[in-house]
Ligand SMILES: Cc1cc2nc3c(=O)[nH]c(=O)nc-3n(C[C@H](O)[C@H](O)[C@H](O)COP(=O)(O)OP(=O)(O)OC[C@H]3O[C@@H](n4cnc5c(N)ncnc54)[C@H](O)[C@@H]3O)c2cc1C
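The data below hold one chain only, encoded as structure tokens and taken in the form predicted alone.
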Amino acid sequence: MPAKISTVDCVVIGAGIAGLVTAARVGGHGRRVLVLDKSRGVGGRMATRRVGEAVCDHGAQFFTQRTPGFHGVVEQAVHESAVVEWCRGFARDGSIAVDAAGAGDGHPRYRGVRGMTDLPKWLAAGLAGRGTEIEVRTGAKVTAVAIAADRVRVSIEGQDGAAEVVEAAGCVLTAPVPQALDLLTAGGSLDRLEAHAIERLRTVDYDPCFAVMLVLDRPSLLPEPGAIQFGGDAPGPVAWVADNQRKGISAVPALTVHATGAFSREHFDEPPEEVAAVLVDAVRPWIDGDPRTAVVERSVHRWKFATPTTILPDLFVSVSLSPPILCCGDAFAGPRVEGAFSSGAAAGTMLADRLGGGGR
């Protein structure tokens, strides 16, 4: 059966913060925008998962706002009860006693009211509610991005396995850079792309990350505000540990443990449960009781592209001028939620300008 073919003004690949903001900027100029994501929901690495009776953030754990553009968005999200301030700093010394105060630097750390997915869900709901022609489609796996004449051709494999092709005047890829390059390579149009831009993108690398979620039978022993931020270069295997109940999103005690990039790289292909056992042992001081009985349920997730280790100085990279194809995300403006927002906003503004004034 031949693939279904549809047409829009712009295709955005990835429904994380960068993709949703890109869509808002392009759609705000009257353009028809289709946002595609292979996951079941929006948010990308702003991810929240239910484990038994617990709710756990297992991707990004918090975000800050230090630039005017993102500040306004966060303040509106707070006003509409999608986002709330968590704290103004975390403990960094694993030996801190349970009643010790966290380290503060005056900058608010925010979280979603029910989990980190709340901010992207709020943004996606705003797209649907503003009367623009923006469609956000999840469960849609993009398999290739190609150029045909003066159009972008995006191949999609839906949840039912049906093939579809979307033709657009422009495209923005917000997926992790290696995945974006794979899609462009699969499209077979590399000879029509800017060679220098492609070479720059190939310099971007990411650290993976193991995320282990542990549901406990009693409160944890973590210091206030319920998290320790050891850092990605910590000497042990753990970069971060937080109690989702103390954070305010889970009805029961549940830890999220993030491994360091170095540990995750070294053990990425090992059985997840073996890796989880090492990480559980590493956070044993903050589990009240024997982990063999205190941990009543667990879940392990491997993020292959968790944190960019190479940051490009540009807010986005244009790999084609005609038709316009841009790459953006947190590898372009800093490995943070705010960086992804700034990158997506800049890419969306640029694409809207290249596509011209009003829509059809």
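Since this is a predicted model, take the numbers as computed values, not measurements. Numbering starts at 1 and follows the sequence shown.
Although it is not shown, the form predicted together with this ligand is what the next lines describe.
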>> Please identify, from 292-300, 23-31, 324-332, 311-319, the stretch that has a heavy atom within 4.5 Å of this ligand in the predicted bound form.
In response: 324-332
>> Please tell me which of V165, V280, L183, A82 lies within 4.5 Å of this ligand in the predicted bound form, judged by heavy atoms.
In response: L183
>> Taking any heavy atom pair closer than or equal to 4.5 Å as contact, tell me whether C209 reaches this ligand in the predicted bound form.
In response: yes
>> How about L222 - does it come within 4.5 Å of this ligand in the predicted bound form, if we only consider non-hydrogen atoms?
In response: no
> For A15, is any heavy atom within 4.5 Å of this ligand in the predicted bound form, or not?
Replying inline: yes
> Does any heavy atom of P176 come within 4.5 Å of a heavy atom of this ligand in the predicted bound form?
Replying inline: yes
>> Could you pull out the residues of 52-72 that have any heavy atom within 4.5 Å of this ligand in the predicted bound form?
In response: H58, G59, A60, Q61, F62, F63
